[in-house]
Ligand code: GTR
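One chain comes next, on its own, written out as structure tokens in the form predicted alone.
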């Protein structure tokens, strides 16, 4: 009788253990507006592979790309209420939560990609991510979205004066309109899905963006010159739901932090490869890429924009500029 009790107790304990394991298994849903193959999407998939490997399948990530779960704003709202575990968004979307993120939208805040990495990986970037907790978010890391430069159908942009008389499409943000205007051009807000036709019909003479975007949307077909002013380098971030996070064990939180750090490095690697390939393709299709220019006149011309829109971030900007 005692042996039977021991056997039944052992079976019960095994069943309880299996049940507990099953209960702790978690599929982290993550949203992105980009589709398969895009660096941010593939980097999150890589993060999922790491977690899957480290936990023997107990923690995994399912990426919902191509706006399956809505745009960036909608996905962020779902993460805030805990309906979605994770998402990748532009920093502009979290500006209403942590106003200082808007400083990253100012022209020439970062001197180079490496300078941006040094800022975001250091005390400044960490502090901004930590402030997201007040909005129900756990900031996990920053992703590279490349740098934005001018491309147009008329001429290479060697100095700000070369923008004179050119209508340059910008995102619908007063900072970007005045940025182009300060350099002598005519900043013209146009919806991105209307840009190809706007370039084709002369509504605008040019635009500004990164190399992969020019390739993927075939803007090289209606422009011919690309000048690497690199006036904007706006990182993106990926965040986790604090409501979900607070229910997780410290060990799982630590695993996600560790996987996030490796995810950031993977995304940068993927972005660099994608950008290199895009430059090669631009050359192949005959677009004239001008990378030999002095940025100082452009930086000087946009100083009034940083003063006007960045006044309340002046201390933060000084700290950013002090980073080597």
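Heads up, when I say rigid core I mean the largest set of C-alphas that superpose within 1.5 Å between the two forms. Nothing here was measured: the structure is a model prediction, and the numbers come from that model. Residue numbers count along the first chain shown, from 1.
The protein also exists as the form predicted in complex with the ligand; that form is not presented, and the subsequent description refers to it.
Although the partner is absent here, residue 169 is a contact residue: one of its heavy atoms lies within 4.5 angstroms of the ligand in the model of the complex.
Contact check for residue 89: a heavy atom falls within 4.5 Å of the ligand in the model of the complex.
Looking at residue 236, you'd find a heavy atom of it within 4.5 angstroms of the ligand in the model of the complex. Under a 4.5 angstroms non-hydrogen atom cutoff, the ligand in the model of the complex has residue 148 among its neighbouring residues.
Contact with the ligand, judged by heavy atoms within 4.5 Å in the model of the complex, is confined among 134 to 142, 196 to 204, 181 to 189, 210 to 218 to 210 to 218. Note on contacts: among 277, 257, 34, 295, the single residue with a heavy atom within 4.5 Å of the ligand in the model of the complex is 34.
Though the ligand is absent from this view, in the model of the complex it lies within 4.5 Å of a heavy atom of just one residue from 100, 72, 162, 252, which is 72. With the core held fixed, residue 208 shows a CA shift of 2 Å or greater between the shown form and the other one. Once both forms are overlaid on the rigid core, the distance between the two CA positions of residue 147 between the shown form and the other one is under 2 angstroms. Relative to the superposed rigid core, residue 199 undergoes a CA displacement of at least 2 Å between the shown form and the other one.
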